[in-house]
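Given next, in structure tokens, is a single chain: the form predicted alone.
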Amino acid sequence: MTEFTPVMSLLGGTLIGLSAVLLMAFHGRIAGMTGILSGLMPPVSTDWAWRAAFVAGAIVAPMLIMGISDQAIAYSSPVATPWIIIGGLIVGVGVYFSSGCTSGHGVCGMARVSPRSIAATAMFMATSMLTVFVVRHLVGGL
């Protein structure tokens, strides 16, 4: 069971929103992690410096919050590692065909009231709900 952590959740959501606003304000770019990470893969984009800084901040910020709050983030998964890898690959294919991920479409695109992003986010949510239903009720929980 997941613990109820409203303060940590609010702080995390605030940081995600703030980072998206600051990236748009200072660089005119959407804070979509897929696009940011793809610019760090060969061939590396000419604007790699802000991309590397953004990814570093996404890694360091939670570490700082854990250090300040003295709260550890517990993680466990009942799903076997091969299934996690397969799921990650499926998500990667979806990200490729939808031209972005939930951070770009869901956080930034919906905030801009982009019809394309609203449709993509609705599709992400519908697909995830269908996947959970199929895995839990038809396949048997893998």
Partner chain sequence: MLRTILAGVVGLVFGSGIALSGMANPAKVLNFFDVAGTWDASLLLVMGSALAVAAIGYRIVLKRAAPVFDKRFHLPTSRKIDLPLLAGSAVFGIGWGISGFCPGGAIPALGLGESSAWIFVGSMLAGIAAARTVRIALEARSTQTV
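So that the term is clear: the rigid core is the largest set of C-alpha atoms that superpose within 1.5 Å between two forms. Since we're looking at a predicted model, the values are computed, not measured. Numbering follows the first chain given and starts at 1.
We do not show the form predicted together with its partner chain, though everything after this point is about it.
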message: I'd like to know if residue 140 sits close to its partner chain in the predicted complex, meaning any non-hydrogen atom pair within 4.5 angstroms.
response: no
- prompt: So, in the predicted complex, is residue 67 in contact with its partner chain at a 4.5 angstroms heavy atom limit?
  reply: no
Contacts with its partner chain in the predicted complex, stretch 50 to 89 (heavy atom within 4.5 Å): 50, 53, 54, 55, 57, 58, 59, 60, 61, 62, 63, 64, 65, 66, 71, 73, 74, 75, 76, 77, 78, 79, 81, 83, 84, 85, 87, 88, 89
Residue shift check between the shown form and the other one, rigid core fit, residue 82 Cα at least 2 Å: no
message: Using the rigid core as the reference frame, would you say residue 73 shifts its C-alpha by 2 Å or more between the shown form and the other one?
response: yes
